[in-house]
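Single chain ahead, written as structure tokens, the form predicted alone.
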């Protein structure tokens, strides 16, 4: 008589609730203690999990902080339909600036960007976990504006092929302008400034489409 096959155990399955608690605890610890005093042991205690749980998920502090920031942006940054492309841009700019002004966000981004200057793997993780995941907002805004008739739809294969490059440029302009304003020049991002940036982008988008039609 053959014995029944046994199922190999691979350990306790990863818990989404534990992940959320760990990432939230990381952001709180950053705000209270800063980058230099942040430890995985302290984060584990705050999240109510064992230190081994963190080490199974993250190689070190850099990776943990990047994922904590990525989760924050995914949870808090969206693009509600405000009726026009200009209003949509103004809204997301204000929301993005609000997130950047949080102590934990500012501390984390400045620290991981500094670390990434000499860590290629970390630079890739920042791009994939934070930058690339937020580019869908540009695609959503462009498609919504095309449906409203604010900008021309894609016309042919060549125009469709140029879409990703155009979307990347728009993202770089928005993110670069807001990050510089908040974290470098320390100037406020208010309704007036966000409105001017939105108008600049709307006019620029029209110019991009016009240039491609020539």
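Positions refer to the first chain, counted from 1. Just so it is clear, the structure is predicted and the values come from calculations on it, not from any experiment.
Note that the form predicted in complex with a further copy of the same chain isn't included here; everything after this is about it.
No member of the trio 82, 94 and 136 reaches a further copy of the same chain in the model of the complex with any non-hydrogen atom inside 4.5 Å. Note on the partner interface in the model of the complex: the residue among 49, 40, 175, 145 having a heavy atom within 4.5 angstroms of a further copy of the same chain is 175. Comment: a further copy of the same chain is not present in this chain, but in the model of the complex one of 121, 140, 131, 87 has a heavy atom within 4.5 Å of it, namely 131.
When a further copy of the same chain is considered in the model of the complex, residue 152 lies well away from it, no heavy atom lying within 4.5 Å. Within this chain, residue 34 lines the site of a further copy of the same chain in the model of the complex, having a heavy atom no more than 4.5 Å away.
Not displayed here, a further copy of the same chain is approached by residue 197 to within 4.5 Å at the level of heavy atoms in the model of the complex. Among heavy atoms of residue 111, some come within 4.5 Å of a further copy of the same chain in the model of the complex.
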